[in-house]
Structures are given as C-alpha cells and as structure tokens.
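One chain comes next, on its own, written out as structure tokens in the form predicted alone.
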Amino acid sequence: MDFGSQTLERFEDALKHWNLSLDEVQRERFQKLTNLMLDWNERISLTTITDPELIAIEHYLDSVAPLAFKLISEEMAVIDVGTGAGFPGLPLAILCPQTSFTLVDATRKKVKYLQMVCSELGLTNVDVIWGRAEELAKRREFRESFDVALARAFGAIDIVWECTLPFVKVGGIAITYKGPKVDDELEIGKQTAPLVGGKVEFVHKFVLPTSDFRRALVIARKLSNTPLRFPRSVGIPEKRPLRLVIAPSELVRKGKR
C-alpha cells in the first residue's frame, strides 16, 4: 500500500478544515515520506500504523495541529524532542519550509533513517541530532536556544516539561501532544512547569478533521530561565518525575477534587 491519489485527496480535505494546503512539492514529499517509512518499517520499528489513510490522519494531520492554532510561524527555531519516526517534526517541516527544525532522538537507527529521509525529500530546513534530551539540554548550543519545543508520545507531562523547557528561550513555548485523557495530567502539569521556568498557558482540545480522534495540545510558556540543575541526569526524570519533587501528597489531594 502507498500514499495514492485518493489518500492524498482526503488528507488535503482534512487540512482545509484548518485553512492549510499543499503545493506540488509538498504533495510529493508526503507521498515519498510514506513510502520510505513503510519500507524502513520492515527493518526497524517505526510505527504500528501501516494503513496510508490512517498514517495521513493519525501521524501527519495530528503532527501539524500546532499550525491550526498559529503556534508555529516562519523564521522560528523549533526542536522536536524524542521525535522517533519523525513526528511531529517531519510533517511540520514539510509544511513550513521557512522554519528551522531540529529533530532529536536517542536511537541511532532512527536517526540514520531520519537523516536519509531528509536527504531524499530535500528538506534543507531540518537537522537531525542523536542524543538524550537530558544531556543535549545542558549543551550551550542547545540550551534555551529554541522558540518552540515539541514532544509527542513522549511520556507523562512532568517528564515532558523537564526534557523540553530547558531548550526553550524565555518567552517561547513548549507543546506536548496529548489524547482525550489530558485532564488527568493537567493539574500535575500546572504544578510542575514552574520548577523548570514555565507556566501552563493554554490547552487546545480538538477532534482531528474527518475523524473522531480527540486530541489536545498543552502549551507551557517559558517565563524564566530554567535552573541549571534541570534537566537531571539521564533516566532520573522517568525514575523520579517532578511530581515527586514537589509535595506528592499535595498533588494527589488536588487531583481528587
């Protein structure tokens, strides 16, 4: 199965709900991306979704949702933390050729795949970096250097904040992609974002056009510099998430209200 004309037409119809459109180069890039991903998926684990129509909605359309809410614009520097198979970074980079994207992943095979994809698609606005967010965010060239940080399918919201907000300039934003149960994490997100210099500013809840998939984007604004102790060492954000750093009993009590 490939990204045929009917799938492309349905994808474009869905994009129109968000006032987004594709030119011929972008159409070809999405088609080629799909074929490359499905081919490489037989060698390394990239996605469990292999139906092109579902890829178009659940991967591509979902990835570009920030554009529907004007969260990313030209000349911005955007980092996609834990990009995996390239989501949300690659679809956004295809639609935003004037925006700079840095895709970060800790799996060398996926980084090699992403570098090949960017070369094959001619995406000159994308850099692919191998490494762990906890280590890269300590490096001068990455720390507080981006207007926007993205995390999709990354983990619990407090882990996301610790691994994304250190990359963001003061005044910029971190965006985490969440599903229909976003409210279950929201209080924790609000309580922990300030530890790393942020504040939950808004939650966009929506249904992906032409589908019944309920999604959400949680936006944290960077209000102050992240303390140098964050992010903590590799593995610590998962083993001892921020919710445990600040009065876990208080978080539990508020979550039960």
Ligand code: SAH
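Since the model is a prediction, treat every value here as computed from it, not as a measurement. Don't overthink the numbering: it's just position in the shown sequence, from 1.
This next part talks about the form predicted in complex with the named molecule, which is not shown.
In the predicted bound form, none of the heavy atoms of T176 sits within 4.5 Å of a heavy atom of the named molecule. In the predicted bound form, R143 stays away from the named molecule, with no heavy atom inside 4.5 Å. Within 4.5 Å of any heavy atom of the named molecule in the predicted bound form lies no heavy atom of V168. Contact annotation for L92: none of its heavy atoms lies within 4.5 Å of the named molecule in the predicted bound form. None of T107, S73, T124, Q115 but one reaches within 4.5 angstroms of the named molecule in the predicted bound form through a heavy atom, and that residue is T107. Remark: of stretches 168 to 176, 93 to 101, 124 to 132, 183 to 191, the one touching the named molecule in the predicted bound form is 124 to 132 (heavy atom within 4.5 Å). Applying a 4.5 Å heavy atom cutoff to the named molecule in the predicted bound form picks out E134, R152, A153, F154 from 134 to 169, in order along the sequence.
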